[in-house]
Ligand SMILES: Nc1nc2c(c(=O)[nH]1)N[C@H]1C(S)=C(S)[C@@H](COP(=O)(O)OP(=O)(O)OC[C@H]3O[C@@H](n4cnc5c(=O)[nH]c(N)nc54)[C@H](O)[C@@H]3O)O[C@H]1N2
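What follows is one chain in structure tokens, specifically the form predicted alone.
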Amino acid sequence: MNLQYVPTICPYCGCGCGIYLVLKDGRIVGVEPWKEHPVNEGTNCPKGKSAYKFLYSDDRLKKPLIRENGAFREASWEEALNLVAERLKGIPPEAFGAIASGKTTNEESYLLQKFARVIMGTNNIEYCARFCHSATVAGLLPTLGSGVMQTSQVDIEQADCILIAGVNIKETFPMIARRVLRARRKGATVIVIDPRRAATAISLADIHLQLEAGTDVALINGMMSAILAEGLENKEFIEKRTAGFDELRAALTTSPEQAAEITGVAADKIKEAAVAYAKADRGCILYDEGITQHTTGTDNVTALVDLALLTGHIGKPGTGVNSLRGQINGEGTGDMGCLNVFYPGFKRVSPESAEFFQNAWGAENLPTEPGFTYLDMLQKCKVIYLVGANPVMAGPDSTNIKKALDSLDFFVVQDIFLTETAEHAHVVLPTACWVEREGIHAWVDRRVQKINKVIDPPGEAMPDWWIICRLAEKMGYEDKFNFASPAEIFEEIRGCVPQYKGITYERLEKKAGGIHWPCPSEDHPGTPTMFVQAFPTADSLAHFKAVEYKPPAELPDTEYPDILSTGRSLFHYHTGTMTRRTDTLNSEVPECYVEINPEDALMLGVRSGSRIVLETRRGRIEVIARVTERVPQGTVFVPFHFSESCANVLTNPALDPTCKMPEFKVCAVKEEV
């Protein structure tokens, strides 16, 4: 027996926790804590403790599949890639779309966007950020000049007031919740904004602002009015580092009392939270999809920025307006340019950016206009090349997404399983994942770490970077994709993305916990805290931008009298592709459920364990009832991890007009026994 302990990074969520994989005769058999890793210090959540098990699932894809006569048959790589190359040749740029993943490496994401732009001539390239943090980018860029998390997650402990908005971190980011708990034990005040009385509100909150779903802007505006009324604004910070304050002051007409009428939160409680945050030496805002996944998601983020600027809580460790990205490479895939409006390094799509990359890549005629957004691609493109994404589960109104996929002329999917989305493909290409190949990722706080290859992928599965390079070769672009390893790809990235210039494989191998970008040179330590001296805007100032409360796109009525919201749970991860194939996790929560208030359950005549039907204007599903006071009367909550009883059959595809974010968090619903 040969036992090995190999350090690596957990494949779940955006925290980037260190773990040791235990190998017995070359097979992973367990996980042990990596106590020296700075993110988690040897503590792991249930997902981290079972991190490897999905790799050995019996239904891993092992050979390419081609659909014929309505069924898949196995094929060789040569046959499958020849077919894909032939079908992609001659496709007009506007007819082609590429969808990337928040789980693949930076090197693989970089190659996919390069494939779309160099070979297919289009900026039709998107990834899951459209469904989770497009509102973050749209809210932070005009105000702060950058759409990223601004403090190291480790430094959250330095805050003495932490405002947690729209994220149940106890279940979705347990390691960050540990930092909040430590800060609280040191005396920090924790404020939670959430319509649910979820685990975070129960166990961490000193002040729980349990607002009506979709009324965040009214609440935050009420808090700012209270701060101004008390004279608690940070006048020195406002004068030296911001612009637009007078316009904000003039526009803030929502008093705490008016906010109370809209949100259902008592005015005194709004004032209490506002004063606690304003008086803090270091105030930290943490938020996620409960803020962004609205038709007013951009406004919600913008209002949080205004609150932080008003109090000067930006530019020091443990401060900032910090988006918590949920995927292992949710940050890095955006860094690499898998967005319809950005080339790599967040160079906005323009003739100047196209010229830069033409020179860097030796390419010609790169696209200069923004491409389609995610949902527009599904509706307007004729050919889709999708890598590691599952929009049938993750997108709104999934019945319509299935129809869109079935109407495509040609659909290629690269993945590790025959997912709910891959079932609609014409060609499915089996990929390696996680520790079956090497590469880098960027986690929630811009923390860049390297994951090394530990085991071989199953069957004939190959890394995404290898597949993209071979496909490019067959399409006549071998010279632009002539890479023999991820290391070679990363060297090209370092030359094109200034934020990564000083990061090398060698440095990452030597530094547990990685390096925070931006890192402009090889002797630079990285940047845990953003905006210390200036903001990356044209005038180096942060900009206030007043926003007014707007109600959700669909509110309850006589036909659909309640509010539905969706989200995540502790034991599952996003669309459940990996966790539903992990017995230790799936046994905890084996099927979909709905949280329903006891008063609503009594009126329906249901108990915990009863099966009930949820119906919206998009569709209906049957789920198990969990009767709980975690949700207020008139609101139900459903996790979106489950294929059967998919929550996104119900959700509203109405979009934020600025960032095209769907409104996952609020729609009208009715329940039936």
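Position 1 is the first residue in the sequence shown; the rest follow in order. Everything quoted here is computed from the prediction, not taken from an experiment.
The form predicted together with the named molecule exists for this protein as well; it is not shown, and the discussion that follows is about that form.
Though the named molecule is absent from this view, in the model of the complex it lies within 4.5 Å of a heavy atom of just one residue from 344, 486, 283, 214, which is 214. Screening 417, 481, 466, 357 for any heavy atom within 4.5 Å of the named molecule in the model of the complex leaves a single hit, 417. The closest heavy atom approach of residue 566 to the named molecule in the model of the complex falls within 4.5 Å. Proximity of residue 291 to the named molecule in the model of the complex falls within the 4.5 Å heavy atom cutoff. Remark: residue 128 counts among the residues lining the named molecule in the model of the complex, judged by a heavy atom distance of 4.5 Å or less. In the model of the complex, the named molecule sits within 4.5 Å of a heavy atom of residue 195.
Only one of 293 to 301, 359 to 367, 502 to 510, 404 to 412 places residue heavy atoms within 4.5 angstroms of the named molecule in the model of the complex, namely 293 to 301. Residues 431, 432, 433, 434, 437 of 430 to 461 are found to place at least one heavy atom within 4.5 Å of the named molecule in the model of the complex.
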